[in-house]
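So this first bit is one chain, no partners, the form predicted alone, shown in structure tokens.
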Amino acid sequence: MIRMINVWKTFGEQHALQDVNLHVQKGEFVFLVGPSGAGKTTLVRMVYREDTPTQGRVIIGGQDTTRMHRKYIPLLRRNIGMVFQDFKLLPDKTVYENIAFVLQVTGVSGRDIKRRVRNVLSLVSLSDKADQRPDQLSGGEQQRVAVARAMVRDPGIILADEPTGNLDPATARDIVGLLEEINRLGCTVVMATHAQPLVDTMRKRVVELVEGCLIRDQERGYYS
């Protein structure tokens, strides 16, 4: 599903990633851990094709994205959902409209949009919030909307970059529990996080980066 082969990313003299080799299989749940500046976000950007390696190869779903023409990148991203720390919701749109927007830009029919949005709102337990705007929601509810938006195209991969960083511990547990439920439905989940208690409790696969180097890849791992 996701494969990195001898991946380096260099900015000037700074190595953001150093000879990273990683294979994430379909249906896995992987925590990506490490201190700030370790390269977690750079790795996530590589998977989403927001960035390309200085050296090495990134293969997503059998496609070598390193050499991918720009016109094919939107098609790749239709199979990848992104969840960010700061939600990135459109403030002037309702919950329903925020989720529907990602389908409208790809030409999905109105009837199909309505069905899909209702399904994901039910999945994240926000059916009663469809007509509210982001500023009327709690932080946890906004992140649930972000998860629903990531899920609405039925992607094979969910990338979550510090999705609980702005949330209290109880709400953070709810969000990670939601991602775990999505994973049980067959979606591959890669979550970059500093949330040690959550990682230690869930005992999923843990991949650790330090100074751009992959130093640990542990099944049923702990944060450290």
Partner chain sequence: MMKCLAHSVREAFISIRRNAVMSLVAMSTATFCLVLFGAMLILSANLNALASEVEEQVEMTIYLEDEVEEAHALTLAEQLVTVAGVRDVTYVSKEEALERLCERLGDQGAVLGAVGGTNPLPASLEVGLAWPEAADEIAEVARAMGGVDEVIYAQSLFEQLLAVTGFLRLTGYVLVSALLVAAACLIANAIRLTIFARRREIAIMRLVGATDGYIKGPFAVEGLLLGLVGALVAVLLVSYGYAWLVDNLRFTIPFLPLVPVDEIMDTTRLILLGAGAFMGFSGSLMGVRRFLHN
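Residue numbers count along the first chain shown, from 1. On a predicted model such as this, the values are computed, not experimentally measured, just so you know.
Keep in mind the form predicted together with its partner chain is missing from the figure; the text below concerns it.
Novice: Within 4.5 Å of its partner chain in the model of the complex, counting heavy atoms only, one of 169 to 177, 34 to 42, 192 to 200, 66 to 74 shows up; tell me which.
Specialist: Among the listed stretches, the partner-contacting one is 66 to 74.
Novice: Quick one: from Leu123, Ala130, Leu137, Val102, grab the residue that has a heavy atom within 4.5 Å of its partner chain in the model of the complex.
Specialist: Here the answer is residue option Val102.
Novice: Going by a heavy atom distance of 4.5 Å, is Glu50 a contact of its partner chain in the model of the complex?
Specialist: Taking the distances in the model of the complex, the answer for Glu50 is yes, it comes within 4.5 Å of its partner chain.
Novice: Just to confirm, Arg149 within 4.5 Å of its partner chain in the model of the complex by heavy atoms?
Specialist: Although its partner chain is absent here, Arg149 would touch it in the model of the complex, with heavy atoms inside 4.5 Å.
Novice: Is Ser109 a contact residue for its partner chain in the model of the complex, using a 4.5 Å heavy atom cut-off?
Specialist: Yes, Ser109 sits close enough to its partner chain in the model of the complex that at least one of its heavy atoms falls within 4.5 Å.
Novice: Is there a heavy atom of Arg153 no more than 4.5 Å from a heavy atom of its partner chain in the model of the complex?
Specialist: Answer yes; at least one heavy atom of Arg153 falls within 4.5 Å of its partner chain in the model of the complex.
Novice: Out of 74 to 108, which residues reach within 4.5 Å of its partner chain in the model of the complex, heavy atoms considered?
Specialist: Going through 74 to 108 in order - heavy atoms within 4.5 Å of its partner chain in the model of the complex - the hits are Pro74, Arg77, Arg78, Met82, Phe84, Lys88, Leu89, Leu90, Pro91, Asp92, Lys93, Phe101, Val102, Gln104, Val105, Gly107, Val108.
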